[in-house]
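One chain comes next, on its own, written as C-alpha cells: the form predicted alone.
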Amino acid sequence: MDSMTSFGVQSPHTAAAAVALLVANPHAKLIAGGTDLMPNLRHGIGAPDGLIDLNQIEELNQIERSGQGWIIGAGVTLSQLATRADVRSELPLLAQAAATVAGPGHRTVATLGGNLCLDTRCMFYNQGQWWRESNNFCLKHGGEVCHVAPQGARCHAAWSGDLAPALIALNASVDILGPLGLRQLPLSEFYVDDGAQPLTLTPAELITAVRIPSLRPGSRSGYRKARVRGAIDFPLAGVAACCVVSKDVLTELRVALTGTNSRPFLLTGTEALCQQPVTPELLTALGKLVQKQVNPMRTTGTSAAYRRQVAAVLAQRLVGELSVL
C-alpha cells in the first residue's frame, strides 16, 4: 500500500454538527471504524480534504426495541450485532450476517452505517496506485474504460456488503440526515445498480439509524455466503432469507443477495413460491429465479459462472434449512 497524504480530522458530537461540517467541506469523508475507507486511501483511491470522525456522536450508538420493531443506530458495531443475546434470538439473520464480516478485530470497530455504505469492489479497482496506473486506471476511478466490460459504458464493480441483504430481507428502512432535514427510505431503494455510484445519498447526507419492523409470528431467517477463504473475505455470493412456514406450508418468503451485482437486491417473483410446501421442486424453482436475476461479472478471480451457480445453491440450501427448523 502507498502512504497517505496528510489531512485533518474533526470530531463532532451530534449528527447535525457532522452534516454542517460536510456542508462546509464537501470534499471531506466520514469515518467511523475506517475498515473500508482507510485501505482505499492507502491505495491512493480518493484524497479527502479532511475526515469527519463520527465516533463521538452518542445518538448513533443507540439500540431501541419496541412493539413496532427495532431502531439501531448507524454507529453500532458489527461485534455488538453479532454477539448481543436479544439480536441473536430475535434477529438471527442480522446477527449471522454481522458475524461473517471480516475478522473479530475488524468487527469491534466496523459499524452498521459503514457496512451499508461500503464501496463496491473489483479486482481492477482494489489495487495499489502503481498497478492501477499501469492499466490506465478504470472507469470507477481515474480511467475511461471498465476492464470487466470494455465495450460497455458503466462500471460493473460488485456490491460486497453483508448487512445490506440481511436488512433488505427484513424489510428495513434507513433514517438519513442531511441539510434539508431527516428523511426515511426503504433500504431496498437506497442502492442503485451502478458500480461507480451505488448509493442514493446526496451531498452532505449520512445514515443515522436503521429501522426494522417487527417480524410476523413464526418468522425464520438466516444468512449464508461463499468466499474464497473461510474467514476475512468478502462474499463471492451472499444470500439472506426471511420466511414464514405455517403447518409445513411456506406462506411468506423474502430473499436478498449480495456479491453478484453492483447493488444488493431483493429477489423478485418469490410470491409465486408461497402457499405450498417446501419441496425439491420449489427449491429448484427458487434456484432458477436466482440464476436469472444475479449478474456476476469478472470482478474477482473466481468465475462469474461459479458465482451465479453458488448463489442459487446457497438460496436453495438456506430456504430448505429454514423450512425444517
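In this text, residue numbers run from 1 along the sequence as written. The model shown is predicted, which means the values in this text are computed figures rather than measured ones.
Keep in mind the form predicted together with a small molecule is missing from the figure; the text below concerns it.
**Student:** Looking at 214 to 222, 79 to 87, 248 to 256, 104 to 112, which lies within 4.5 angstroms of the small molecule in the model of the complex, counting heavy atoms?
**Tutor:** Correct option: 104 to 112.
**Student:** Please tell me which of L37, V278, V294, L286 lies within 4.5 Å of the small molecule in the model of the complex, judged by heavy atoms.
**Tutor:** Only one listed residue qualifies here, and that residue is L37.
**Student:** Within 4.5 Å of the small molecule in the model of the complex, heavy atoms considered, which of L282, I45, L30, I63?
**Tutor:** Partner contact (heavy atom, 4.5 Å) among the options: L30.
**Student:** Can you check whether L201 is within 4.5 Å of the small molecule in the model of the complex, heavy atom basis?
**Tutor:** It does: once the small molecule is placed as it appears in the model of the complex, L201 has a heavy atom within 4.5 Å of it.
**Student:** When the contact criterion is heavy atoms within 4.5 Å, does I207 count as touching the small molecule in the model of the complex?
**Tutor:** Heavy-atom contact with the small molecule at 4.5 Å: present for I207.
**Student:** Is Y191 near the small molecule? Define near as a heavy atom within 4.5 Å, in the model of the complex.
**Tutor:** Y191: no contact with the small molecule in the model of the complex.
**Student:** Is G238 near the small molecule? Define near as a heavy atom within 4.5 Å, in the model of the complex.
**Tutor:** Judged by the heavy-atom cut-off of 4.5 Å, G238 is well away from the small molecule in the model of the complex.
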